[in-house]
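Each of the two blocks below gives one form of the same protein chain as C-alpha cells; they are labelled structure 1 and structure 2.
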Structure 1
C-alpha cells in the first residue's frame, strides 16, 4: 500500500472479495492519498472507540449489535459506493501501523477489531457467511443428512436450552474439535460427541473469531518489526508524525470556540463551577481559589477550558489577575502572566487559536509534585478521590460504581458515571472532553433554571 500526496488512486475491485468483510491478509496494491490515509483511519477509530466504550458500560449483545451497525453506517460510508471496500481495507491497515507499536496498543486494537469482526459477521446473510467460511479456508466439514438424523434430538435439546428454533433437515452444522470453540462449550451452547462439537451456522462466528484474532495478532507483531526496523525512519518526515499521533487523537467536536449553553461571565463563575465543572477542572479551580496560584500545566488546562466555555479575554484577565495578585502583585502578574493569557486567546505571538485539552490528553499527562492538573480519576489516591466525589455530591452507591471503573482504568467512564449521578440523566455518548461535560451539564440545568424563573 503506497501513500501518495494527492492524486487519483487505483481502485481495489469489490470483485476481489467474496463478502463485505475483507480478510485483511495482506495490504492491497493500491495508492492512497495522504489525507485519506489519516481521515479513513480516524473514521475507523471512531467505530472502535465506540465499541470499547459500549463494552465497558456493559451493553447487552443485542444493544451492541445495533450500536455497531449504526457506528459503521455513520463513519465508514464513502461518497462513491465503489470506494467503501477500499476505505475499510485502507483504514484497517493504517490502524495496524498505529497500534502495532506497543503491547498495550496491540492488545486494545486486537480486542476491538475482533469484536468488530464478530458483530459485522452476524450482520451478514447466511449465504455470505457460508462464502466467508469457504474463503477463510477452515478445515471443517458439514455433517451429512444421515448424521443429522442420528443426532437430531440432541441438537434440538441444545437449541431449546438456548432459545433457538429447532433445527430442520436443511440446517448446516460443522463438526469441530471441541477445544476450538471454548466459549460455546463453556456456555453449554453446543452438542458434544466423541470429542467433537457440532456448531450451527448461526454460531459459526465463535469458530471464526479466534482464527481472525490469531491471524491479526501475528500480523501486528510482524508489522511492528517492520515499522521499528525500517518504515519509521524512512517515513519520519511524512507518515511517522501521523501514525504516532493517531492513537491519541481527539475525535469529538471542536471546543476551541464556545458552544451552545457554554458561555459564562465572571460574576457567575463560582456558581457555575460548583454545578457544571467536571472534577478535573473543579479541582484546579478550587486550588486556585485556595492558593492563589497554579503551575504552568494547571494554568494551561484550566485556562483553555475557561476559554472554551466562553469566558472572554477581558474577563479571563480580570479573573487570573484577581487571583494571582494576592500572592505576586499586579506588576509581576502583568509582566509574567498576562502575555501568556492573551497568547492562549490568539492575541499575541503567532496568534494561534489554542484548543482546550481533551480527556485523553489530560489522562495521559503526568503531573509532578505540586501540580494539580491531570485527571483526578487516574492520578488521585482512592482516599482523595472518594473525598472529592463526596464534596461534589456523589452518593455512596454511585461512588462504588465510579471506583469500580477507576480500578479497571476506565477513567472517562468513571467521569461519565459521575455526570450521570449528579444530573440524574444518562450520558450514552460518554464523556470525552471537559468542555463537553460542561456543555451537557448546562443543557440540563439551564432549562430547570429558566422554568423556575
Structure 2
C-alpha cells in the first residue's frame, strides 16, 4: 500500500471481488490519499470500538449481529459504491499499523477484527458465504449422505438443544478434528464422535474465525517488525504521528500501571474499600477479611485491582500475608503465595504482564464452587445482589433502576448506576473497568476531604 498526497488512485476492478468480505491477505496495491488514510481508519475504529463496548456490556449474539450491521452501515459507506471495498481494505491495513505496536494493542485489535469478521460473515447470503469458503479454501471434508443417515438422530438432537431447526438430508456438515472448533465444543453446540466434531453450515464461521484470527495474528507480528525496523523512522514526519494519535485517541485510559505508586496505603485500605471499591472488589475484599482466604480466581481479580490502584509490592505482600496467615500460617504463605504476588508485580519470572481485569473480562468469567470473583451484577442471584447493594448504601429507588439494568443484562450500566447512586454525581462515561470506578470515585471524594481539612 502506498500512501500519496495526490488525488490519483488506482482502483480494484470489480471482477477481483468475489464476496464482499476481503481476506486481507496482502496489502492492497493502491495509492491512498493521506486524508483517506486517517479518515477511513477513524471510521473503522468507530466500528471496532462499538463492538468492544457492546461485548463488554454482555450483549447476546443476536444483538451483536444487528449492532454490527448498523455500525458497519453508518461508518463504512462511501459516496462511490466502487470505493466501499477499497475503504474496507485500506482502513484495515492502516489499523494494522496502529495496533501492531504492543501486545495489548494487538490483542484488542485481533479480538475486535475477529468479532467483526464473524458477524459480517453471518450477514452474508448463503451464496456469498459459499463463495467466500471457496476463496478461503477450508481443508475439511463434508460428510456423505450415508454418513448423514447414520448420525441423523444425534445431529438432530444437537440442533434442537441449541434451538436450530432439524437438519434436512441435503444439509452440509463438515467433519473436523474437535480441536479446530473449541468454542463449539465448549458450548456443546456440535455433535462430537471419536474425536471429530460435525459442524453445520450455519456454524462454519466458528471454523473460519479462528483461522482468520491466527492469520491476522501472524500478520500483526510481521507488521510490527517492519514498523519498528523501518516504517516508523521512514514515516516519522508523515504517517507516524497519525498512527500514534489514532491509537491513543481511542483506546481509553490504560490501567495496567497505576499513575504513581502509593496511591493508597495499608492503613487506609479498609476505609478506601468501603468508599471507592466497585461491588465486585468490595465483595472479594470482605470475603477475604471474613474467610482469610480466596480461591485463585478471586486472588487474581482482587490482587491485580489492588496493584492497579497503587498498592505497592511490599504493602501487597503485607496485606495478603496478614489475611492468609490466619488460616495457613506464615511459612506456608511465604512458600506458596508470596512468589505469585511478586510474579504479578513482575518481580519473579518474566513471562507475562499481569494487567488488572477489565469489566469485560470479569463479566465473561465463570466462577465455580467456592468462588467469589466475577461480576456480582451478572453472577449473583437477585436476592444476594439486592442484599449486597443495600449493604453498600444504595437506596431502594436506585436499587430498582440497577435491578432493571441487570435483568436486561446491562451489567456495566448497572454498576454505573450504583456508582451514581453512591456518589450523587453522574458518571457519563460509564464504568468499563474496576480501576476506572476507583479513580473516578477518588476524584469525587478527594477534594471534599481536602476542603474539610
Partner chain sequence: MAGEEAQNGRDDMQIDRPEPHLPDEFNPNYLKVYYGKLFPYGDMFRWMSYGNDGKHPGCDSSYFSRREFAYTTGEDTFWRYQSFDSEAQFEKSIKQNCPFKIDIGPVYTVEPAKRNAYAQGDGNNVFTPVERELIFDIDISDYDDVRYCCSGADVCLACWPLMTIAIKVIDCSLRDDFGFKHILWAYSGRRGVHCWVCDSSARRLTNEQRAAIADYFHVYTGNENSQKKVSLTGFALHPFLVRSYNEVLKNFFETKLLISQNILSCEERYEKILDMIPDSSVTSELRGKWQDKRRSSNTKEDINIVRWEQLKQLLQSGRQRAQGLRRCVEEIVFSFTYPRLDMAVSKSMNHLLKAPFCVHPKTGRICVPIDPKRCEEFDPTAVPTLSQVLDELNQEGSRADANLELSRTSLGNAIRVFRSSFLEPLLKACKEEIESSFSAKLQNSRDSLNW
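Note that the rigid core is defined as the largest set of C-alphas that superpose within 1.5 Å between two forms. Nothing here was measured: the structure is a model prediction, and the numbers come from that model. Positions refer to the first chain, counted from 1.
- The form predicted together with its partner chain appears here as structure 2.
- Once both forms are fitted on their core, the CA shift for residue 200 between the two structures remains under 2 Å.
- In the core-superposed comparison between the two structures, the C-alpha atom of residue 372 has shifted by at least 2 angstroms.
- For residue 26, a C-alpha deviation below 2 angstroms is recorded between the two structures after rigid-core alignment.
- In this core superposition, residue 275 moves its Cα by 19.7 Å between the two structures.
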